[in-house]
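First, one chain by itself in C-alpha cells, the form predicted on its own.
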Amino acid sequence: MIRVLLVHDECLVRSVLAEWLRQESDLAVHDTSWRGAPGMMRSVRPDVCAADLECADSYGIPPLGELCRPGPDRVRPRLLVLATANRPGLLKRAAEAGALGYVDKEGSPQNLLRGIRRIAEGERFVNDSLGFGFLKAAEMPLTRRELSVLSLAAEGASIAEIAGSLHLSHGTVRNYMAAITRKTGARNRIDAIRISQGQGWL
C-alpha cells in the first residue's frame, strides 16, 4: 500500500482528486491544504507527497522544504509536484527541493496516478509537456533566495517586511534587490517584478 498525501489549496479540486485516487486499491490517500501540510506529514508519514505548486500562503511561495523532511524513521517522503510549463520559477524551486515527479496540470489525470506509482518505486517521472518549462528554468538568472525576495516584493512587502520574513538584515535585502535589478536588466524594483512575472519566474 502506497501512503499518499495530496497537498492543494483549492478545496474542491483537492477533494475531487483525492476521491478519484482513493478508488485505487494500492493507494491510501490523505489530503490537506498547504497550511495543514506540516501536521499531516507528521501524522500520515506518507511514502509520496503530491503537491500543487500554486500556494495561497507564504506570499505564493510553496514551502516545499516542509514536505521533504525525514520522518522519525529518517525516511524522506518522495515528492511529486503538479506544475505548468509557464511557471519555470516554480519548476526550479521543485527541482532544488529534490522532487522526483513532475505532472503537468493541463494533462490527463492518469499522469498523476502513473507518477505516484513510479516515484513510489524510487524512479523519476516527468511529463514531456513540461520540457519547455525546464528549459526556461535553466535560463533563469535569479537564485532561489533572490526569487524569494522578489516574490515578497511583488506582493507589496516592504524592505523591513521582507527582512523579517526571510530572517535577513535590511542591508542584505537591499543588496539582493540590487542584484535582481541588475540580472533582469530592469530599471528599478517595479520593473524587475514586471519582467520576472512576464517570464514566469514568479
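One-based numbering along the sequence shown. None of the values given here were measured: they were computed from a predicted structure.
The following text describes the form predicted in complex with a further copy of the same chain, which does not appear among the structures shown.
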**OP:** Determine whether any heavy atom of K105 comes within 4.5 Å of a heavy atom of a further copy of the same chain in the predicted bound form, and answer yes or no.
**Re:** yes
Original post:
With the cut-off set at 4.5 Å between non-hydrogen atoms, does L82 touch a further copy of the same chain in the predicted bound form?
Top reply: yes
**OP:** Consider L12 of the chain shown here, and say whether it contacts a further copy of the same chain in the predicted bound form, taking contact as heavy atoms within 4.5 Å.
**Re:** yes
Subject >> Heavy atom of G98 within 4.5 Å of a further copy of the same chain in the predicted bound form >> reply: no
Subject >> Which of 133 to 141, 168 to 176, 38 to 46, 146 to 154 lines the interface with a further copy of the same chain in the predicted bound form (heavy atom within 4.5 Å) >> reply: 146 to 154
Original post:
Do heavy atoms from each of L17, P109 and R187 fall within 4.5 Å of a further copy of the same chain in the predicted bound form?
Top reply: yes
Original post:
Out of closer and farther, which fits the Cα atoms of G185 and F132 in the predicted bound form compared with this form, where the change is 3 Å or more?
Top reply: closer
